[in-house]
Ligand code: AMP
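Form predicted alone, single chain, as structure tokens, below.
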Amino acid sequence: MKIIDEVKNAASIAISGHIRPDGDCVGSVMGLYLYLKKELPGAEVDVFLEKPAEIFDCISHIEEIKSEINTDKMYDVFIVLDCADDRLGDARPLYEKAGKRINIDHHISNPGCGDVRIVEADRSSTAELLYDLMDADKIDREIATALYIGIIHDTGVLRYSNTSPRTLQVAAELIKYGFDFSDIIQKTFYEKTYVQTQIMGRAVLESVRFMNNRCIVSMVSRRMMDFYQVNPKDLEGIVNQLQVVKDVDCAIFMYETGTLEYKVSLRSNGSVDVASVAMKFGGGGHIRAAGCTMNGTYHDNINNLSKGIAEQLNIK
């Protein structure tokens, strides 16, 4: 199927993704937004999302993202990308009232939601899946740039195990549109501000290995975030840095979001299905990359997470 077939008769369309949007979420939402604006010039197309990190300012028309939501508004179609409806945040009331609801995602933990469910867990990213749902001859440079950003962020610049032959084919097709893909990779994936480098260094320095050194964990407290004057977007990449430590099978990183509340990120080399671990605490994701929100002290959370990880590593 093609996405245009599901929305061609709609006069109003809303697009949204998950809270704390990452590169795949931002790239997918904006790629589809630009595509539908081009394909349906007579329709009202709006995109709702938390304000993305500044690194994504290179995406065309990103300033048109709406962060303030009028819950009285009703849309003919609401499209949920890169998550299920339970992670929409403030945009969820608009989804619930929409005439038709479409869910497009690649997370194995997502059972799908709405009237049309397109969830393909073998895809590297929602952006890759969207490419195949679009008419290739209608994609332009701006759309291609957004989708490419989505793919490189969820595949670690095409090096994670979720990168398939199809992923490489799609990436190759996208760079034919002539954008500076090398510059995009550098500025949106690798480049860090000085304070981002500082907080990453602090997190790595204070990390601890356990379970026979097969697991590593680190935490950033609210006080540390205030000291370095950083926000959650500045903490992206820390868990991936922990994962590259030699002989580590599973990495855990968490940061404090409230009193006895932590946002947890999990990464694995494949020895641990971290999605199954995260799902026990209301989260989800992929076998090698997942996350959740946990309540309790830092040490209690580590102990609770460790049970599921130890079982998979056969550690008693």
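Residues carry their position along the shown sequence, with the first being 1. In this text the structure is predicted, and so the values were computed from the model without any measurement.
The same protein also has a form predicted together with ligand AMP, omitted here; what follows describes it.
Candidate stretches 27 to 35, 66 to 74, 263 to 271, 42 to 50, one within 4.5 Å of ligand AMP in the predicted bound form by heavy atom: Of the options given, it is 263 to 271.
I'd like to know if Lys97 sits close to ligand AMP in the predicted bound form, meaning any non-hydrogen atom pair within 4.5 angstroms. Taking the distances in the predicted bound form, the answer for Lys97 is no, it never comes within 4.5 Å of ligand AMP.
So, Ala289 and ligand AMP: in the predicted bound form, are they within 4.5 Å at any heavy atom pair? Flag for Ala289 set to yes.
Consider Arg87 of the chain shown here, and say whether it contacts ligand AMP in the predicted bound form, taking contact as heavy atoms within 4.5 Å. Yes, Arg87 is a contact residue.
Look up in the predicted bound form whether His153 has a non-hydrogen atom within 4.5 angstroms of ligand AMP, and give yes or no. Answer no; every heavy atom of His153 is more than 4.5 Å from ligand AMP in the predicted bound form.
Out of 18 to 35, which residues reach within 4.5 Å of ligand AMP in the predicted bound form, heavy atoms considered? Heavy-atom contacts to ligand AMP in the predicted bound form: His18, Asp22.
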